[in-house]
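A single chain, nothing else alongside it, follows as structure tokens in the form predicted on its own.
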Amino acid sequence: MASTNGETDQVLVEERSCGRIFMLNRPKQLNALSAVMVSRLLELFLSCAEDSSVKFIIVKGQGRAFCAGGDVAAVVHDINRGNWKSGADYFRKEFTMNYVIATYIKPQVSILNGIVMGGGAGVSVHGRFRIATEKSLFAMPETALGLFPDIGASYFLSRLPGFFGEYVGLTGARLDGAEMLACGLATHFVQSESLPLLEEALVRAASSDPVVISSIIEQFSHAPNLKKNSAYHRLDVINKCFSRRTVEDIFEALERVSADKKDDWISSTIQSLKKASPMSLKISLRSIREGRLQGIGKCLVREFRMVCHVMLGEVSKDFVEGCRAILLDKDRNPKWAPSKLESISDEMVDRYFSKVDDADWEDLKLPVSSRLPAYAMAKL
């Protein structure tokens, strides 16, 4: 049965035998995660973990998006009213939800049949099974908003093949379902027309065994061919350029490749980086690099410090400016400050990784569980 109740209509819950289906339900907003949705999802995941009758979770989105990200426009509204701590509360709860999903004791199957961006990746990529389709569109577009890939992205981007994660995280590059499968963001690829049959098969099996669930999904899966112009075909160039130590070095490496031969993909990659917030590029690169050596918990704790400094705006107010230009006024012409990479000192970047100097502020404290499966333990 489907449960509906006032604000909880933003997340619909369907009870199917031993499974629960969570439907993100703000289709007009491309299922962007409101504070209500984050609270509701966290509550649902925690309650289902304790409910022995629930064997598995399916998460999907209503309409043409799985989830286009967090509702950052609402966060910016709070910042502009002088209430950055309301935004901090939102991210605290969201990052806690990301951690619960990453360490979840029961299998989660995320059906990514549409747009998956930012916070939408946080609801899905940390889970056990991620099903892409021919309609999937993935991106982490935060550097164009004056933010950085958060929601634990420094953990999963840093674990993509080679330096593909740096490329995706810094440029905001869009990936289709075939690319998501190739790089590991998705675990399976299923044609969208087969999704109802897949759901029925999972419900009939009523199993919590990941091996059983995987074998069912594989019956509906196939490996699609990458498009001829896929960025994943450029992994050698990406590794050569995005492995460099600094953002400036990455630019220099890309421009050197571009000088050797005319290449539209290289040109568009350089342009994407030039449009991004210089401060966002700097803190994003360092975050992904640190994430390579950290478990999911430490990544989220660090990212929470970073996002609080972003909202405080003491070093740069690029987040507010980026949201104004891209989401609110939509002139797509942000005025970044600092406007150049060379204007950003190491000390400025360091600030984002330090504790917030505020008596009422606390580091992110993540829930402790003694029943973590081996799959989750490996992430710690």
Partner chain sequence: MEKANFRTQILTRHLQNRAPAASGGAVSRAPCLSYAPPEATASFDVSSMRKLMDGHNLGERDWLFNLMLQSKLFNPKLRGGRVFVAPDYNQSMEQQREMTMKRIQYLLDRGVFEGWMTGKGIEAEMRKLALLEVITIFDHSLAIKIGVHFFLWGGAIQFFGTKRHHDKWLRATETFLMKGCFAMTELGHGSNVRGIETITTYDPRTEEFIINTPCESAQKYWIGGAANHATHTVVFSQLNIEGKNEGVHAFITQIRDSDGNICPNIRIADCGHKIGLNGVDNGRIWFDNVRIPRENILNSVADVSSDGKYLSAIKDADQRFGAFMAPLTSGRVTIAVSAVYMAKMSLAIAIRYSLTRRAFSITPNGAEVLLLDYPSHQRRLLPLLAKTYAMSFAGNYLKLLYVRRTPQLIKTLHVVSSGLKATLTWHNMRTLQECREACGGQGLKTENRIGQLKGEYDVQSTFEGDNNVLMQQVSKALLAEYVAAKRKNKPFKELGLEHMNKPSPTIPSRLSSSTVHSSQFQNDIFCLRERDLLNRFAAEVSKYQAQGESKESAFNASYQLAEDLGRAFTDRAILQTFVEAENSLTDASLKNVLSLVRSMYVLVTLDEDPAFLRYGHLTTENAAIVRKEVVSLCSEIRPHALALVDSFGIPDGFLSPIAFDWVAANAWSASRD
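Owing to the predicted nature of the structure, the values given are computational and were not obtained by experimental measurement. Positions refer to the first chain, counted from 1.
There is another form of the same protein, the form predicted together with the partner chain; it is not shown, and what comes next is about it.
- The stretch among 152 to 160, 260 to 268, 85 to 93, 170 to 178 whose residues place heavy atoms within 4.5 Å of the partner chain in the predicted complex is 152 to 160.
- Every member of the trio Arg244, Arg289 and Leu293 reaches the partner chain in the predicted complex with some non-hydrogen atom inside 4.5 Å.
- Contact between Lys365 and the partner chain in the predicted complex is not found at the 4.5 Å heavy atom cutoff.
- Although the partner is absent here, Leu195 is not a contact residue: none of its heavy atoms lies within 4.5 angstroms of the partner chain in the predicted complex.
- With a 4.5 Å cutoff on heavy atoms, Glu218 does not count as touching the partner chain in the predicted complex; it lies far away.
- In the predicted complex, Glu134 stays away from the partner chain, with no heavy atom inside 4.5 Å.
- Only one of Glu255, Glu200, Asp209, Glu248 comes within 4.5 Å of the partner chain in the predicted complex through a heavy atom, and that residue is Asp209.
- This chain is displayed alone, yet in the predicted complex one of Ser214, Asn239, Asn80, Ser230 has a heavy atom within 4.5 Å of the partner chain; that residue is Asn239.
- Although the partner chain is not shown here, in the predicted complex the stretch 362 to 380 places heavy atoms of Arg371, Ala374, Met377, Ala378, Leu380 within 4.5 Å of it, in sequence order.
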